[in-house]
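The chain below stands alone and is given as structure tokens, in the form predicted on its own.
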Amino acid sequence: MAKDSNLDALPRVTCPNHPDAILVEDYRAGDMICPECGLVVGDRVIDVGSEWRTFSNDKATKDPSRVGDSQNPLLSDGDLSTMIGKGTGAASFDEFGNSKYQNRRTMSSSDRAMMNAFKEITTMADRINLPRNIVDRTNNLFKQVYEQKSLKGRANDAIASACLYIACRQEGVPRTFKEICAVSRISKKEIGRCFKLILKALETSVDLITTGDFMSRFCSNLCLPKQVQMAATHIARKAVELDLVPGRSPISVAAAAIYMASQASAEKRTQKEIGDIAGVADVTIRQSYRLIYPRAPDLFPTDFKFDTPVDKLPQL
């Protein structure tokens, strides 16, 4: 409570005429401007981003950043430590050819470990096209876990992978364990173990995943039209409501619903094609499909245009 009161007591720059307006920052001029009336509320705002310079004789591979990376609030010193560039002249080396100036002690070991984890998180997120807000949430989760030291003995890469999985679910764009495993160097079993330990350590929770969380992405990757996607979503939801798939994972139910909807339409997809996208085996799709097939006439939406009648659907 004391922490919240201290945050509330901090001075906040607002427009005197529109105190609730979100101010717009003009980075070029360094001004804070009210979008409602155009009043310049604050000026000479400090830009904490990188400063760039380019000279005509610079090589294309040379880093144009003149003052280093932007401030990182997740690190103890804000990542504003001094970094010594690699020397090129004779004065930069001793008589044995070793560099005189090194960066070993410019960053603490804990900050170095977190920096490596943040780079790994960014790399994994880029591979599966996750937005920046998920990367930021993952970094915050990793920092909390690392500072608590509640997962001692676990690899930082495994903790980072589990944090990415949790962040995806908390942000409403869940990914499967197999998708996270595919972009990391950690096994699915180890990510699952770290996932449970992190939830317990941070005393947090995640929403239960549903078939709808994956449906649009799976159908998009399969290049299925909107009508098939809506039908598959309806089939999966009705199957859950009628309790036709007890104990089945939402991913396998979604895959079976997509298979049924595609087989009833002109855009047919095989079990293998769906399984490759959803990350489930063909036999898993068949098992879930057999559970919903007897009630197929009750599962399709009323306005669905059948290319293949319900009674002609594959029975498997």
Partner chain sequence: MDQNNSLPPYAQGLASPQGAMTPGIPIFSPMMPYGTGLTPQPIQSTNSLSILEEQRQQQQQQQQQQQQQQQQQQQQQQQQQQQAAAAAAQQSASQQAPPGAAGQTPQLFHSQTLTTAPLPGTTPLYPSPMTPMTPITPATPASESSGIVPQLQNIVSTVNLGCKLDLKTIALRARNAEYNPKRFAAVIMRIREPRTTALIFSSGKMVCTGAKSEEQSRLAARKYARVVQKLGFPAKFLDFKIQNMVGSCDVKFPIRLEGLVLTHQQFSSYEPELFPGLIYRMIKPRIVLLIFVSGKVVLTGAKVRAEIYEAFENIYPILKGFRKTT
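This one's a predicted model, so the numbers in the text were calculated from it and none came from an experiment. Positions refer to the first chain, counted from 1.
One more form of this protein, predicted in complex with the partner chain, exists but is not displayed; see below.
Residues of just one listed stretch (143 to 151, 129 to 137, 242 to 250, 229 to 237) have heavy atoms within 4.5 Å of the partner chain in the predicted bound form: 242 to 250. Only one of the listed residues (Val206, Ala182, Leu202, Met115) places a non-hydrogen atom within 4.5 angstroms of the partner chain in the predicted bound form, and that residue is Val206.
Contact check at 4.5 Å (heavy atoms) against the partner chain in the predicted bound form: all three of Tyr165, Arg169 and Phe195 pass. The closest heavy atom approach of Lys188 to the partner chain in the predicted bound form falls within 4.5 Å.
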